[in-house]
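One chain comes next, on its own, written as structure tokens: the form predicted alone.
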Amino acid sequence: MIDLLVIGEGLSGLMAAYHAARAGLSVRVIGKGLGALHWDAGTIDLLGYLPGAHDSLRCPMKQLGLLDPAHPYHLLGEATLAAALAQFVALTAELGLPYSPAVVAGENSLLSSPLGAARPVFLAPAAQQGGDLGSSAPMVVVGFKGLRDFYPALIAENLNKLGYPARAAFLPYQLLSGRRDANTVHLAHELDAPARRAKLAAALKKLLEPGERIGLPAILGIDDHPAALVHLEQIVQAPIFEIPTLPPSVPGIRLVKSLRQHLLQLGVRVEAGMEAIGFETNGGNNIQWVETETSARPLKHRAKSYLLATGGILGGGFDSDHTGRVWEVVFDLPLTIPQQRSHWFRPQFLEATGQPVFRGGVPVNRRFQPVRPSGEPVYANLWAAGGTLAGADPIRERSLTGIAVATGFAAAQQIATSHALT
């Protein structure tokens, strides 16, 4: 029997598995599908907006006291939150995929979105940090004729409207690939090849005007990304940065691949395509096993402890029906989501305070154990982390990856402590 079974292979599940394995626990991760990082910009967004506010936050750590008392950041406390982020920065440096904060410590950077909007980011991979809109250096946003879902003219136009100097330029698609139909992941693999990068760099150098930095779609390599970025900048002799594209997200996939490889080195198996469909208790409040669907009979996974990290209603961790009932799909845990459809949404779709259906989730105590309305833990050996948790609207707040990193860290600490005491 292993010590910990993590259900969900998104960022919160992988971070919890990492910290638990580092604490000496035997860990396995199972997941139904790909985590949200495959659709995310690959940055760590701590807190971009307060509920009801239109302006982005500059210093998120100083605004935590304004959040709902049930928010996961309140349960963590500032010291644990800061420790989790520091551990993440150290981990990504060890992985060779370093993330860094804004130039001014404790502040959000403003980076360009795929539409040229300014998005607040707390930690960013090096390749995106070069596009910090706090820099006065002008930008040339370079696209490729025929590349889908990346629009340099639109990005440059919107950045100019916001007061950030930018222009658009285009290069032939054939510099990236000989394939007629390739997505961003295919193109990133193409740019792992030094010869392909050298041709691209030569073309970029001809476009460059004095003082400019170059913004490219986030396709600068998958397996050899750090070397690809350095190689291009050495030839072009100018700063180069990546702008996230529409999914699939190459920066997110890079992070997932690196984390999974590192977990494997720590002895942690990460198994995709395993949907948890049932569980059994010992007749009391201890979970004995969780079973996953297979082509034959269900497969039972036995562990001393379990961590739920399956995400919220947009991540597939919750389901609903036409009556308005919403339920957590593995353990049918209590939820704070309204159980009447008429209470899910407010009249205005873009309501500044968000929608109740997206703010609800699994309520937990300060040990990150799911609790009943009375405050009593539902199961003694179950914890939860990430987008599953109640008290936040992580998409509206731009806090999804920050919550994932911090609560994965905190839940793993609590689990390791409980094992040490038994």
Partner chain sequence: MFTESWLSVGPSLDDCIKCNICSSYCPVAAVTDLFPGPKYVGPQAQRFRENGQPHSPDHSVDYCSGCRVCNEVCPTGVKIAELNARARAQIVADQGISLRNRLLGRNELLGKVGSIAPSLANFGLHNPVSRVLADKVMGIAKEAPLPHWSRNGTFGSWIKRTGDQRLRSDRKVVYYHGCATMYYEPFIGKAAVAVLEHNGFEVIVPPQNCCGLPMLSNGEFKAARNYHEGNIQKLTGYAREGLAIVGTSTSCTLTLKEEAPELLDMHSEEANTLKMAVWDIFEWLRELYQAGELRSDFHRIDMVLPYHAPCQYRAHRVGKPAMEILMLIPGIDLRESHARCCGIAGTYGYKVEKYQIGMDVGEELFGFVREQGDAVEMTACDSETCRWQLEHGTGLPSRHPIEILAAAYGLYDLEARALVGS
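Here the structure is a predicted model, which is why all the values come from computation and not from measurement. Positions refer to the first chain, counted from 1.
One more form of this protein, predicted in complex with its partner chain, exists but is not displayed; see below.
- Contact annotation for the candidate site: Gly33, His186 and Ser295 all lie close to its partner chain in the predicted bound form (heavy atom within 4.5 Å).
- Contact with its partner chain in the predicted bound form, defined as a heavy atom within 4.5 Å, holds for exactly one of Val326, Ala303, Val140, Ile253, namely Ile253.
- Residue-level contacts in the predicted bound form: of Lys206, Lys145, His343, Arg179, one residue has a heavy atom within 4.5 Å of its partner chain, and it is Arg179.
- Heavy atoms within 4.5 Å of its partner chain in the predicted bound form belong, among the stretches 348 to 356, 70 to 78, 118 to 126, 263 to 271, to residues of 263 to 271.
- Among heavy atoms of Arg396, none comes within 4.5 Å of its partner chain in the predicted bound form.
- The shortest heavy atom separation between Pro247 and its partner chain in the predicted bound form is within 4.5 Å.
- The shortest heavy atom separation between Leu154 and its partner chain in the predicted bound form exceeds 4.5 Å.
- Heavy atoms of Ala227 never reach within 4.5 Å of its partner chain in the predicted bound form, leaving it off the interface.
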